[in-house]
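Below you'll find only one chain, the form predicted alone, shown as structure tokens.
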């Protein structure tokens, strides 16, 4: 019996992406207008920048839509190596020049970008490629486990050293998830998870501001004029929205009361202007987007497509959970953006790359989900 493939993009996933991008653009203008007027005397300053980033993102997404995802497999090791070089360069350059308080950014042609976003993308690509090519060697510690662990550890340590602990933690959790799905043996994985946990504890203990943020999130520190100020204002903003919200543009807290209303805490503005019901509907859109991405990925004709699509889908949704968790006071303040809504260029390009690749996978997916040899935990 012949195998049947789809040859057109998944329309439902495409529509969900358009809705999220469109709503993100609208809420970005609403959230940033007061801050832009105060800083630049131009309410549309951030909105125009966000629009330019969307246009650039569309170009990136279209490229990956046309570029057959299978061909990315051969580029994975090269791209992972290049990402490690960029992370190391950013760290070394910043320590030498002292040009910025952190090494999270690299300036190229007067534009800044975060090498950690490229590292996240290249790591997912590398892991998907590795497990696709080494399914028969997963029981071999040196050939089936050690190579990805070395790449993951090097990237995470470089990102934490920037310092960017939250991004490093997200990438670590994402990597472990892909390793489990890919079929890594549990007896190999457990010590690695323990090692990452020890690194996390040491990092937090040696960073007073990280420890303060964690204590604030669990209620052990109520310094609302210090470390707890952002969360305090965020919860006030959400509470102002009530059930139905104050209406689009009606946020009070965005008028220089809420810190970073256009980036880290943009979901607070969503809650104030659209209320509980609007916030829930927005999150449902993200959930449907995530579920549909998984469905597409699990119907890819190869393990590489399975793992690549699943990894990209999880990475996008993990940022939604992390951002909303921070805004609601459940998680420590992290600085992680809300996909498609928060102001930022590197993250936006990554988001569109994810869309382009998953839509590319959807053009080649099977009519029916095939039996998978992955998603098993081996002792």
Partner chain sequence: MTDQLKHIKKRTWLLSLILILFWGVLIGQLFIIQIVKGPNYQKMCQKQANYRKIIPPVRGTIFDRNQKALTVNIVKYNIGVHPYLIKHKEEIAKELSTLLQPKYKSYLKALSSDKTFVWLEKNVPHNKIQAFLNKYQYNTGFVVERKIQRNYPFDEIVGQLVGLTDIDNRGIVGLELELDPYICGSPGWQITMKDGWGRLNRRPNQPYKKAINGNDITLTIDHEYQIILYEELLEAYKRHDADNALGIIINPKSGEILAIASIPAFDPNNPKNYPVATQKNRVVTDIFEPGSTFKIVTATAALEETNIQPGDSISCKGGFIKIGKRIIHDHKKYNVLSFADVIKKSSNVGTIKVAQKIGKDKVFNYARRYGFGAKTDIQFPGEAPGIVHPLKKWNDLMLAQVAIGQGVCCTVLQLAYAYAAIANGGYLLKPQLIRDISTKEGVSIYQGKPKFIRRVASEDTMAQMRDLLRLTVQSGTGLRADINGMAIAGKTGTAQKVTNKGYSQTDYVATFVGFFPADDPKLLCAIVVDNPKGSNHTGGAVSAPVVGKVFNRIVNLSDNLFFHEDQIQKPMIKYADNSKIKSSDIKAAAVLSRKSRVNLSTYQYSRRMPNLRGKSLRQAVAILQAMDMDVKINGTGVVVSQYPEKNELISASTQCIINLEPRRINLE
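Quick caveat: nothing in here was measured; it's all calculated off a predicted structure. Numbering follows the first chain given and starts at 1.
Form predicted together with the partner chain: not shown, discussed below.
K.L.:
The partner chain in the model of the complex: within 4.5 Å of a heavy atom of each of 41, 242 and 256?
P.N.:
Per the other structure, all of 41, 242 and 256 touch the partner chain.
K.L.:
State the residue from 82, 89, 105, 290 whose non-hydrogen atoms include one within 4.5 Å of the partner chain in the model of the complex.
P.N.:
Selected option: 290.
K.L.:
Please tell me which of 152, 238, 76, 158 lies within 4.5 Å of the partner chain in the model of the complex, judged by heavy atoms.
P.N.:
Only one option qualifies, and that one is 238.
K.L.:
I'd like to know whether residue 60 contacts the partner chain in the model of the complex, with contact meaning heavy atoms within 4.5 angstroms.
P.N.:
Contact check for residue 60: no, nothing within 4.5 Å of the partner chain in the model of the complex.
K.L.:
Contact with the partner chain in the model of the complex for residue 263, defined as at least one heavy atom pair within 4.5 Å: yes or no?
P.N.:
Because no heavy atom of residue 263 falls inside 4.5 Å of the partner chain in the model of the complex, the answer is no.
K.L.:
Within a 4.5 Å heavy atom cut-off, is residue 348 in contact with the partner chain in the model of the complex?
P.N.:
Outside the cut-off, so no.
K.L.:
Examine residue 325 and determine whether its closest non-hydrogen atom to the partner chain in the model of the complex is within 4.5 angstroms.
P.N.:
Flag for residue 325 set to yes.
K.L.:
At 4.5 Å between heavy atoms, only one of the stretches 113-121, 276-284, 193-201, 162-170 reaches the partner chain in the model of the complex; which one is it?
P.N.:
Contact-bearing stretch, as computed: 276-284.
K.L.:
Are there residues in 160-191 with a heavy atom within 4.5 Å of the partner chain in the model of the complex, and which are they, in order?
P.N.:
177, 180, 181, 182, 183 sit within 4.5 Å of the partner.
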